[in-house]
Structure formats: structure tokens, C-alpha cells
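Just so you know, structure 1 and structure 2 below are the same protein chain in two forms, each on its own as C-alpha cells.
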Structure 1
């Protein structure tokens, strides 16, 4: 296990390193002068000179790359073009809102998906199973921003049950949860479908294995078999899926934050694109990629811990 963990973490670090390099290349590969692009149309000659100095654009490319990494290691993602505040501070100010949304979505969709999947696996090929399969597929197919728009229309504008705008008063927990309902519903819905399907498939596979047959032969209650014996193995794919889910949910969160005018990293990126505040755009994208790599790595590690067979795969 330590060897696997070391390899997996090393791979994650390498991926992050390469992603950062790719980002650097992307910015530099854009035709035209990177300073004007990064600073946008409002750049003054002084600002330009300062940025050339800071990014060492008058130095050779490898020096620039080195400075880029050095700043990153110090947690320095550059400065906001307008306010001159540190991009790191701005991004980490917005991040909690997005994480709160993602965790809320994962929580409810994992619980409901697990329940629906177990229900289908317990009664395979019945009418209930077939209905659940169609429902899950429809959930999977529904794009988050479409669900967001429809739920906004129905529950906020039409019925006026739930708030349409913002993340709620800071410190007022019931109010914040209240503001989380619709956005987390919107991004979680397709995950209910994914999780239900994967849970069903995985449990059906496990239920066909020998140790389950033995347990049945010993007269262990079906409920206990499902929730105890099969659960340990059957749950594994869900853990992998949750790691990947972070990326999907980060993407979906962008749309949902816009639709519900919620603060968060998606809102930050979009408003920065519209105001051509490129350092903030790049900083946010980098931070979200790092979150993604870290979450897939963690899910791989947890998986390897639970299932020793995986360790030999890397």
C-alpha cells in the first residue's frame, strides 16, 4: 500500500505540474502580446511595464517558466488587474461557496442514488427495476443548467417557494441551507442517476458471487446480505465515481452559480472573462484543476485501501 500510495501521489503531482505548464504554454501561445491579453484593453503603460517585470517577459522562456512555478509554490497566482489584490485571496474567498454547493449536491444525490440503486438491485428485472432504470437514464441525460433553469422557473418564479438569488446571509445557517436547496438539486440530479445505475450494476455483480451464495445457504437474512456482506464490495465503484464527480460538479456548478446568481468560483470565472480579468480566470481554472486532481487521487487511494487488487494495477 505505501508503494502504491507513493506512486499515485507522485503521478498526481506530475499531472498538476504538467497542467500548470500547459496553462503557461496556452497563455504564451496566444497570438499577440501576452501583456495586452493578460491586462486587457484597460492596460496603462505603467501596468504593462510592471507585468513585464513581474512575469520576466524580457527574460528567456525557461526563466519565465521557472518564475511562474516559483510564484505558484509560494501560493502566488498573480494580481487582479483592476483591484491589484492577490488572485489567490480572491479565489479562496469564493471557493467555500462552490465547495458548499458541491458537497450538498454529492450528499443528497449519493444517498438517494444509493437507495434507488439498492432498491433496483434487490428486485432485479421487476417492473420497479425497469421504471427505475428509465428514471435514472433520464436523470443522467438532464444537463444541470437546464434543470437549474426549469427549477428556477417553477419553484422560485412561479410558485415562489424557494429563493432565486444568492447564497443567503452569512452566519445564518438555516438561510444558507435554504439557498442551497435549488442549486444543489440542479447539479445533483444527474448524479442520482449515475449513482443509482452504478450501485445497481455493482451490487448485482457482488450478489452473484460465491461468498454471498454461501451466506444465503447458511440462511442469512436477505436484508443483512445486501446491507452488510454485499455492501462492502458493492460500494467501491461509488467511491471512484465520487472522485470523478468532483470534476463534473465543478463544471456544473459554474452554470448553477450563474442561474441562481450565487457567489462562487464559477461566478468569479464568468465575471472575470467578461471584464477580461485574465489573471483571475487563469488562477480560478488552476485551483479548480488542482481540486479535481486531488479528489480523484483521494478516491483512488481510498479504493486501493478497500480493495487490495487495485494496488497492483499501477
Structure 2
């Protein structure tokens, strides 16, 4: 296990390096003069020259990349071009809003999807199984932005049951949770379908193995077989799916934060890209990449702990 964990962590670090480097190059490939966009058309040549020097835009791309990683090794993500504040402070001010949205969506969608999947696996090829299959497929086919807009119109505008915008009052946990209901529902609904279908397929495969048939032959209750004997193996694909799901939920959170006017990394990235605020964009991308890679790495390590066969795959 230690050897597998070391290899997986090295692979994670390489993935982060490649992702951040690629984003660094792509941002600078966006058409337009970033200095003119940042300073406006009335900026003096002196101000433009100072900003070019500050952002190292007068240097070759590989030199800019070297400077970025050199500063990063010292824990410096740079300064916001507009406010002159630390990019690290800005990013970590917005990060909790995005994380609470993602974790809320994962929590409710995983619990409901797991319950629906187990129910379908326990009653395969019945009317209940077919009804759950239709329901799960409908959830998967519902795009997050459509669910966000429709839920906003129905529950906030028409029924006025839930708040339409904002993240709630700081320090007021019930109010924060109240404002999380609609956004987490919007980005988590499709994952209920994904998880339910994966759980059903995984548990049906496990329930067909020899040791399960042996347990049934000895008269072990079906509920105990499902929750005790099959659960440990059948849950492995779900753990992997949840790790990968962090990436999809991060991307869905960008649109959701805009629709519900919530603060967060998504809002920060969009506004920074539009204003060509390179330091803030790179800081946000770096943190998002780390979140994604860490989540997938943790899911892989948990899977390896539960199933020793995985350790020989890397």
C-alpha cells in the first residue's frame, strides 16, 4: 500500500503541473491586449509599461512560466492587479462558498442515488426496477443549467419558498443551509441518476458471484447479503465516481454561482478572465486543479485499501 500511495501521489503532482501549465499557456493565447483591457483606453504609456513589467509580459512565455512556478514554490500567487491584494487571500475568501456547494450536492445526491441503486439491485427486472431506470435516466439527461433556471423560476419566483440569490448571512448556519438548497439541487440532480445506475450495475455483478450464491444457499437473509457481503465490493465504483464527480461539480458550480448570484471560485474565474486579471485566474485555476486531483487521488487510495487487487494496477 505505501508503494501504491507514493506512485499515486507522484502521478497527482504531475497532473497538477501539466494542467496548470496548459492553462497558463491558454490564458495568454486569448486574443486581445490584456494591458489595454486592464487599464482602459485612457491609460498613459508609462502606466502600461509599468504593468507590462509587473506581469512580466515583456518576457518570453517560458520565462513567464518559470517566474510563476518560482513564486509558487515560495507560496506566492502574486497580487491582484486592481486591488493590489494577495491573490491567495482573494481565492481562499471565495473557496469556502464553492466547497460548501459541492459537498452539499455530493452528500444529498450520493445518499439518494445509493438508496435508489440498492433498491433497484434488490428487485432486478421488476416494475420497480424499470421505473427507477426511467427516473435515473431522466435525472442524468437533465442539464444543470436547465435545472437551475427552472428551479429558480418555480421555487423562488412562483412559489417563493426558497431564496433566489446570495449565499446567506455569514455566521448564520441555518440561513447558509437555506440558501444552499436550490444551488445544490441544481448541480446534484444528474448525479443521483449516475450514482443510481452505477450502484445497480455494480451490485448486480457482485450479487452474481459464487460467495453470494453460497450465502444464499445457507439461508442468509437477502438484506444481510446486500449490506454486509456485497456492499464492500459493490461500493468501489461509486467511490471512484464521487472522486471524478468533483471535477464535473466544479464546472457546474461556475454556472450555478452565476445564476444564483453566489460568491465562489466560479464567479471569481469568470470575472478575472473577462478583465484579463492573470494572477487571480492562475490562482483560481491552481486551487481548482488541486481540489480535483486530490479528490480523485483520495478515491483511488480508498479503493486500493478496500480492494488489494487495485494496488497492482499502477
Partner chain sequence: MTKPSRLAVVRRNLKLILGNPLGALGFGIVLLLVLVAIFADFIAPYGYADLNVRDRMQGPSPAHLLGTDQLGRDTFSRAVVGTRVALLVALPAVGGALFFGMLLGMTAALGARWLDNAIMLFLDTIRSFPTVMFALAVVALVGPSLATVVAVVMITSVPVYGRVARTQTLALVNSEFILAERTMQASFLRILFVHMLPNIFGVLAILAALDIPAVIALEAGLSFLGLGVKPPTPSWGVLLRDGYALIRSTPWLVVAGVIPVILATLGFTFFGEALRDVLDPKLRGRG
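C-alpha atoms forming the largest set that superposes within 1.5 Å between two forms make up the rigid core. Everything quoted here is computed from the prediction, not taken from an experiment. Numbering follows the first chain given and starts at 1.
Enquirer: Looking at the two shown chains, say which is the form predicted in complex with the partner chain.
Expert: Pick structure 1 here.
Enquirer: Once both forms sit on the same rigid core, is the C-alpha displacement of residue 261 at or above 2 Å between structures 1 and 2?
Expert: Comparing forms between structures 1 and 2, the residue 261 CA shifts below 2 Å.
Enquirer: Take the rigid core as the frame of reference and indicate whether the C-alpha of residue 23 shifts by 2 Å or more between structures 1 and 2.
Expert: Yes, shifts by 2 Å or more.
Enquirer: Does residue 288 move appreciably between structures 1 and 2, meaning a CA displacement of 2 Å or more on the superposed rigid core?
Expert: No; that C-alpha moves by less than 2 Å between structures 1 and 2.
Enquirer: Given the rigid core as reference frame, how large is the C-alpha shift of residue 63 between structures 1 and 2? Answer in angstrom.
Expert: Its C-alpha position differs by 4.8 Å.
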